[in-house]
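This document starts with one chain, in the form predicted alone, laid out as structure tokens.
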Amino acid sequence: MKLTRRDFVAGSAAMAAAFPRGAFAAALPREAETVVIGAGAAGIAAARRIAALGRSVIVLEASDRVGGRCQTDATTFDVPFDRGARWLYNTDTSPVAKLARSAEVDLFPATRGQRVRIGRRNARAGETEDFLALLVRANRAIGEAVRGKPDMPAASAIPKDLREWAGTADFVLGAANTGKDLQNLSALDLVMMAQRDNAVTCRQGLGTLISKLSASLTVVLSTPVTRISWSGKDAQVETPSGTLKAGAVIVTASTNALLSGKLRFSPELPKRQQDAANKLSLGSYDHIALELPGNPLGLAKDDVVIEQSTDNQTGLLLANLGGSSLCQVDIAGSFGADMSSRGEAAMTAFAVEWLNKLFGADVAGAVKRTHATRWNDVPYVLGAMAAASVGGQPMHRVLMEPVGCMFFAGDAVHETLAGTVNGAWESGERAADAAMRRLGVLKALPSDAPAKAPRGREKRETISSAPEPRGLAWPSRN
């Protein structure tokens, strides 16, 4: 059974005539060839792939917007503010960056490198070189620690003599890079990560780009899926607006959402997939936005600043975004999660106090509008980006396995690009291909064919051989 976009829009228009705008969930058909759950980067990628084959696909989104963790706020400030993901990497191979050109959004490169503050001054050249050398040594130590050996917490693998730079190294390699502290992070997962090069951002916002890429698709908003019954040949997808019968279902919910119980499965997910989701839980990463007219910090456009820190109570500053007066303090890891739990006022107070400490400026008196994200509390997301805990690196591949007629995608379902928009997008395309093979649209792979490595891996450089310290050359992944 094929459902055309025209049929769907006609049905929705009839409902709209009977109910006030925004007061109803759109009527759903009883059947769909493929249902995609989630309208983030992975879901939009999967649906575009299926639609390109001329097949019908419906995207069901629990929230009232497209984009998932790619969300651009165009109203709070005078410039677009990416509340979630901001950067695209490896633009020469990034499928999202290539599509940006056809979507008529502007990409511009990130500022290379970061300033390091020691107290209220910039680090001297020798101090910066000392930090870089220690960071390279830490990178190499992590790589050596798991070479032919069992996985371990990344914190256990780094040298113990990083001196006054230990806290900064932990932040740069761990929380700012993955949303998790090094003690909660798989050393092997860090080693397997593809290098993040050639970072770019979208002038109109990354959320705007993902939304534009969904324009030709049938996306039903404000329609959470409550249960998937998957044991038969077809799946039954239950929502408050009705139940759909689908030949294939692509689930792009975050690992934290999968574990939350909001989306139920009948029968329950196999223990193998539940364990994989547990090992690939989302870290914590939030943005605290401060409008600072007059540039009281004296920084340049898109400057990135970190500090020499003795503990994890630190952040990362992106100053004067796009040449505007908007500055952004990022907090992450266990400290970021704790601050987020205290609420937006406490987060903003920390950002102001932190900037005062580093720059000695009257930040509180200069601040105009403010806003803080709290991704750990966003329903159906419940975190920032996926990263593996100890022993979890193989679990990326476990989530690639089909479960009946269900296929999983998202930023956790990629071996080398986990936690990135590119990784989520590629996982969505891969899940779409697997679903289409099940439905006979694409030719099935030979049973003895080797698994195709995800894009990015063939160009991977391990941490131990990376030419630049991972996490320092570019702004954080989120």
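Treat the numbers as computed from the prediction; the structure is a model and nothing was measured. Residues carry their position along the shown sequence, with the first being 1.
This protein has a second form, the form predicted in complex with a small molecule, left out of what is shown; the following refers to that one.
When the small molecule is considered in the predicted bound form, only one residue from Leu297, Leu358, Met347, Val225 comes within 4.5 Å through any heavy atom, namely Val225.
Annotated contact segment (heavy atom within 4.5 Å of the small molecule in the predicted bound form): 252-260, selected among 252-260, 350-358, 397-405, 91-99. No residue of the trio Gly174, Lys279 and Ala387 has any heavy atom within 4.5 Å of the small molecule in the predicted bound form.
In the predicted bound form, His371 stays away from the small molecule, with no heavy atom inside 4.5 Å. Shown alone here, His414 lies farther than 4.5 Å from the small molecule in the predicted bound form, counting heavy atoms only. Contact check for Ala435: every heavy atom lies farther than 4.5 Å from the small molecule in the predicted bound form. Residue contact check for Val304: none of its heavy atoms lie within 4.5 Å of the small molecule in the predicted bound form.
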